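In structure tokens, the next block holds one chain alone, the form predicted on its own.
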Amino acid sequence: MDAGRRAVSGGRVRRPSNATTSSCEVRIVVLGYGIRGRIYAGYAFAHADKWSVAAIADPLFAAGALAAPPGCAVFHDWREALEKADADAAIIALPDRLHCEAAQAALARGLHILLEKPLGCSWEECTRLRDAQHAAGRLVLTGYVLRFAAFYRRLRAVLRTGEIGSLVAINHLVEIGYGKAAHAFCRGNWGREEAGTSTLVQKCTHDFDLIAWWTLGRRPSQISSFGSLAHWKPENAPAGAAPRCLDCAASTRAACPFDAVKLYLDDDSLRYHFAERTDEAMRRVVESSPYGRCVYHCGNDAVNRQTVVMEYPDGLLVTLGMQAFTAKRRRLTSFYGTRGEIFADGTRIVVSPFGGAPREIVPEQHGAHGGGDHEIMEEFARLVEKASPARYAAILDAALESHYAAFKAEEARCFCRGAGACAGRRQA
């Protein structure tokens, strides 16, 4: 038995007989121990009065690439963890293509779920999950942490005052940032759509959810979308560019903003994606992992800039833009009303009523995603303890609205580019 692993009784992991619990403690199994799984598990470990981590599953435990947290059972396979862990709930932070399957399996075992977005890689997967949730009567809370962030909660409260009158338009821009985009949507897990889903669905269901939240759950009546892969193609590679950054000439690397040495060794802003973050570990990443590849020779096809336009039955127009080629990583939103406008950039909210003086609001923010990562765990515990099956169904149905809009936007993009433009992709 692995060191630190809990005793197994009757094929299921049981808490030790001397374990201390509170009446509201929620026992969880964490499926996937990447950055999202580590954040949620870390919060649970730090709040033992509310949480007990029964087990964690990740294939990297098998290779010794991840260290097992003390006193916690670890499994290499998420299916085995679900079968053996004595848990009330599951946190699912597996690769996107496994979200629906793992969630259905957890629901079949009667577990409540905190599920990272996207809920599924196609609309068909999303509807299967909805049916499974309705049948099980358990909670499926989507990892929409921005809803729980102090900044966005304050922004919504300002909107609901009606100070700028009736909304007529919203312009929302997601600036991914060139380094983050090169990491995740070119070199990384989401570089090829066939491995999971599109950039828009993976990245911007957060934003479709915010839009649904701001518009009180209204569904658009018309959606148009345009987008494609720009620049990161072999024909745009600098002369003499090698398949890996370290094999490029020093002069070529010096002129390339996407150079892996610059992004992972010279800078540390992307290291949070990795379990090991030392200079030595990052050197290994650049030398031998997919993250050391040239962005022009990754074989990627994920869209890196896209625009979605949505019209609502009452005439509201919403534009959602997603852009990889930006210096900063932020979300910029402008709300246009009949009596004024609001601008928000993730740090400050500027309210400009017509004929009146502008005022600036700077909400206090702490922690990852402005505190949203912690607050969603608090909400998860509250809902598991107190909510009803009817409430659980309503929560998932609301989350599916954002996915519905995202998949419809992808259908619109494919239609505009021609019948063969999205061949081989999972369709809504």
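For clarity, every value in this text was computed on a predicted model and none was experimentally measured. When you see a residue number, it is the position in the sequence shown, counting from 1.
Although not depicted, the form predicted together with a small molecule is the subject of the following passage.
> Non-hydrogen atoms within 4.5 angstroms of the small molecule in the predicted complex: do 35, 78 and 98 all have one?
Yes, the whole candidate spot contacts the small molecule.
> Out of 300, 225, 202, 304, which one falls within 4.5 Å of the small molecule in the predicted complex, going by heavy atoms?
That would be 202.
> Tell me, which of 93, 263, 90, 320 has a heavy atom within 4.5 angstroms of the small molecule in the predicted complex?
Checking each option against the small molecule in the predicted complex, the one that comes within 4.5 Å is 93.
> Heavy atoms within 4.5 Å of the small molecule in the predicted complex: which stretch among 343-351, 276-284, 111-119, 306-314?
Only one stretch passes the 4.5 Å heavy-atom test: 111-119.
> For residue 60, is any heavy atom within 4.5 Å of the small molecule in the predicted complex, or not?
Yes, residue 60 sits close enough to the small molecule in the predicted complex that at least one of its heavy atoms falls within 4.5 Å.
> Going by a heavy atom distance of 4.5 Å, is residue 189 a contact of the small molecule in the predicted complex?
Looking in the predicted complex, residue contacts with the small molecule include residue 189, since a heavy atom lies within 4.5 Å.
> When the contact criterion is heavy atoms within 4.5 Å, does residue 369 count as touching the small molecule in the predicted complex?
Residue-level check for residue 369: yes, a contact with the small molecule.
> Under a 4.5 Å heavy atom criterion, is residue 206 part of the interface with the small molecule in the predicted complex?
So residue 206 counts as contacting the small molecule.
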